[in-house]
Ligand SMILES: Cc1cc2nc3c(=O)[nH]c(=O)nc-3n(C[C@H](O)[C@H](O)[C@H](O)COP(=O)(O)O)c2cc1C
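There is one chain below, alone, in structure tokens, taken in the form predicted alone.
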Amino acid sequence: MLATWFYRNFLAHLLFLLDPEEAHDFGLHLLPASTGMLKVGRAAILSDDVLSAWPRLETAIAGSRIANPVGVAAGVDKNARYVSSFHEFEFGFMEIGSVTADYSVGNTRPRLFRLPADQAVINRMGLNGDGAKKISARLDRAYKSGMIQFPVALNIAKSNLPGLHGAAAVADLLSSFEQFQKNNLLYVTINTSCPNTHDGALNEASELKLILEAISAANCRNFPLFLKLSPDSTDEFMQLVVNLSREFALAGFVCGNTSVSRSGLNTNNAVVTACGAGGLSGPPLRERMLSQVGKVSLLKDSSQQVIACGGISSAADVVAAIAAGASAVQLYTALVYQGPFLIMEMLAQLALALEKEKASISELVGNDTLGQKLLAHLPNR
């Protein structure tokens, strides 16, 4: 459609002249000023047929209604500066963060790299951010001013400090969590899977159990709790995490995050090597994400939910993830290459496909038969 065509063929080329991190920040700054283009894009994409089918997209996360199952992944708006703008592009929800206890500059630059041949990104940002206290206050002001019109979730992670383990790690995460007890949150994700820090994935069962004990005890608002899993997680680790989730009555899982794997890329090996360490995101993660969603869906309790994250860039990807067992999806890297109007296009296609099958998103969860029928109605299968 025209809005996305304009981004891909004009604006993206200009943004790609900038350093990737500068382009990301500049793109976020443009969001509040894009109301004119937004009206044009919405009028072109959201036809009467689409709007009549739109209610079929409504679903729920942890018992709370969301208008549609497509959310903004953590990492896009770490510091909750642009939450009101993302709703305008028809996202159903978003995760802010990852948030750490204190302000952090993150890793040294350059730390963000594009792989256009794969529509992918490598990042080693290192959990840079404003810190929990400041972000919580900013989010509270936005809610009180009426600027936030859709559900916002929180992603917290252990600070990027070498040797932060055991009781110190528990205290660090708990400090972040406690800062948000006065905020309105859809859910809270505990990030066990960041590959861009000193220690990598939090994969010690004893430490994770201590963290869950402390956060559950401090959860006076009864926020639904999710665990974010790396796509590189072993089957054994996934089983361990699911077992712990039952012990603490967790709401579910985010599957997954960026990957340290570099397999299956189209980008020249020398270019990939030059990027160095960091987490890979984008379409190369799609199959690993789908596999993990399927495995965790079989392991989890029926009351728990999965949110799929990794390689989502089309309506067909949304269908595949939800049919594999996810209740909702998140995306990030697709916005870099296709722009924010991609969301309206995806949702319009999905709504029309659901209308043709007289089905709803909730009926699609774990339903491969319905998924195949919906895919037949979608473009670019």
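Every value quoted in this text rests on a predicted model; they were computed, and no experiment measured them. One-based numbering along the sequence shown.
One more form of this protein exists, namely the form predicted together with the named molecule; it is left out here, but the text below deals with it.
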* Asked: Thinking of 151, 318 and 349 as the candidate spot, does the named molecule come within 4.5 Å of a heavy atom on all of them in the model of the complex?
  -> no
* **Heavy atom of residue 228 within 4.5 Å of the named molecule in the model of the complex** => yes
* Would residue 155 show up as a contact with the named molecule in the model of the complex if we use heavy atoms at 4.5 Å? -> yes
* To do: Answer for residue 293 alone: is it within 4.5 Å of the named molecule in the model of the complex, judged on heavy atom distances?
  => no
* Partner proximity in the model of the complex: residue 322 to the named molecule, non-hydrogen atom cutoff 4.5 Å -> no
* Consider the chain as shown here, without its partner, and state which of 92, 311, 129, 252 has a heavy atom within 4.5 Å of the named molecule in the model of the complex. => 311
* Of the options 233, 160, 183, 123, which one has a non-hydrogen atom that comes within 4.5 Å of the named molecule in the model of the complex? -> 123
* Structure fact -> Only one of 137-145, 236-244, 278-286, 211-219 has residues with a heavy atom within 4.5 Å of the named molecule in the model of the complex, and that stretch is 278-286
* Using the arrangement in the model of the complex, list in sequence order the residues of 66-88 with any heavy atom within 4.5 angstroms of the named molecule. => 73, 74, 75, 78
